[in-house]
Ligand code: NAP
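Shown below, as structure tokens, is a lone chain in the form predicted alone; questions about how it binds or moves come after it.
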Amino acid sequence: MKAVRLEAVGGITLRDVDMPDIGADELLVRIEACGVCGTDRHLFHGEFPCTPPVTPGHEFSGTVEAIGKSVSGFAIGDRVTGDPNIACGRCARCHAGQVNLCSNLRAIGIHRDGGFAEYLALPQKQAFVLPAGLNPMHGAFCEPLGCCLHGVDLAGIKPGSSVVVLGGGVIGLLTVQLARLAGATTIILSTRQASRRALAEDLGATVTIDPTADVIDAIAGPAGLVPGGVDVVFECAGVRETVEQSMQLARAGGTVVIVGVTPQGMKVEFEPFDLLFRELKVLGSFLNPYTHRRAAELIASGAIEIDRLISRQVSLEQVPAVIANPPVPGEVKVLVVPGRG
């Protein structure tokens, strides 16, 4: 079969490889769609820890083509998605219910082969059956939506809350939709790209702004949109500027949730006295613990708009170039479709 292989930092190529051998508790999944994530680009540049050589791709959906002898609850022909984050179930953090902080965490597409391939070996405990009629392209969004759900859970948005989302990529646009569903009545999205601002307004943002101006003053200044700051800020861009802005945009007693993945080793400046004096709650939101099933059900229900987030579909042959280069202007989500010619 064909698979995209990250051979080393800065080295990615399409190769012919053996079909995966499935274990007794695994499913053989024919991949129908797999999303390209910012994390995949971080892996390529050595900005996120992984264990090459490996096949990347952790946002996937597909069809079960074979099942291990110990598998139950799945059948050949089922359409499934998978939570890529495999916790050990034995360490202190797992026993505390914090499986995303597992001391022995392994992830599909990072530590073991992922979805940028024709087939994938998926442990049954990581698999979730999708409705048979669901568009397989939509199933590939369960993982990023699950990550956004975890961030929104941590934020504790209350009906009537004010929210700022920094970053207009797929994570930001999914977070806008979840904030609307959670009852926020003021939802401000900040991103430089006009096409993403227009899309965000269609998806539930009450107002969008171009951060090339003074974003702090425009939002939280005396004559800003929410003088004094908002209840919740979601940092969804993963860059130094927006991480620093996030703490200045929250009101006294407000909450900041860092959802965007920053390059490993990146430093930011903030004033601890400001966090103390305004009693800000600054939280990291890591992965998607116990949210994958909820994400699948939300997508299947139609409550989350997916189609307008898909910028383009590419073949496996095109993946190395997509990963090695920055996103094209206006791009939200690229989907890899292995069967695409």
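Throughout, we count residues from 1 along the sequence that is shown. What you are looking at is a predicted structure, and each value in this text was computed from that prediction instead of being measured.
The same protein also exists as the form predicted in complex with the named molecule; that form is not shown, yet it is the one meant from here on.
A.B. asks: Taking the named molecule as it sits in the predicted bound form, is Thr81 near enough to touch it, meaning that at least one heavy atom pair lies within 4.5 angstroms?
C.D. replies: No.
A.B. asks: Glu241: heavy atom within 4.5 Å of the named molecule in the predicted bound form?
C.D. replies: Because a heavy atom of Glu241 falls inside 4.5 Å of the named molecule in the predicted bound form, the answer is yes.
A.B. asks: Would you classify Ala179 as touching the named molecule in the predicted bound form, given a 4.5 Å non-hydrogen atom cut-off?
C.D. replies: Residue-level check for Ala179: no, no contact with the named molecule.
A.B. asks: Residue-level question: is Ser285 within 4.5 Å of the named molecule in the predicted bound form, judged on heavy atoms?
C.D. replies: It does: once the named molecule is placed as it appears in the predicted bound form, Ser285 has a heavy atom within 4.5 Å of it.
A.B. asks: If contact means a heavy atom within 4.5 Å, which one of 168-176, 246-254, 71-79, 105-113 is the stretch that engages the named molecule in the predicted bound form?
C.D. replies: It is the stretch 168-176.
A.B. asks: Among Gln126, Thr206, Asn135, Gln193, which has at least one heavy atom within 4.5 Å of the named molecule in the predicted bound form?
C.D. replies: Selected option: Gln193.
A.B. asks: Name the residue from Ile188, Leu130, Ile157, Cys147 that puts a heavy atom within 4.5 Å of the named molecule in the predicted bound form.
C.D. replies: Comparing distances to the named molecule in the predicted bound form, the residue within 4.5 Å is Cys147.
A.B. asks: Relative to the named molecule in the predicted bound form, which residues of 218-238 have a heavy atom no more than 4.5 Å away?
C.D. replies: Residues within 4.5 Å: Cys236, Ala237, Gly238.
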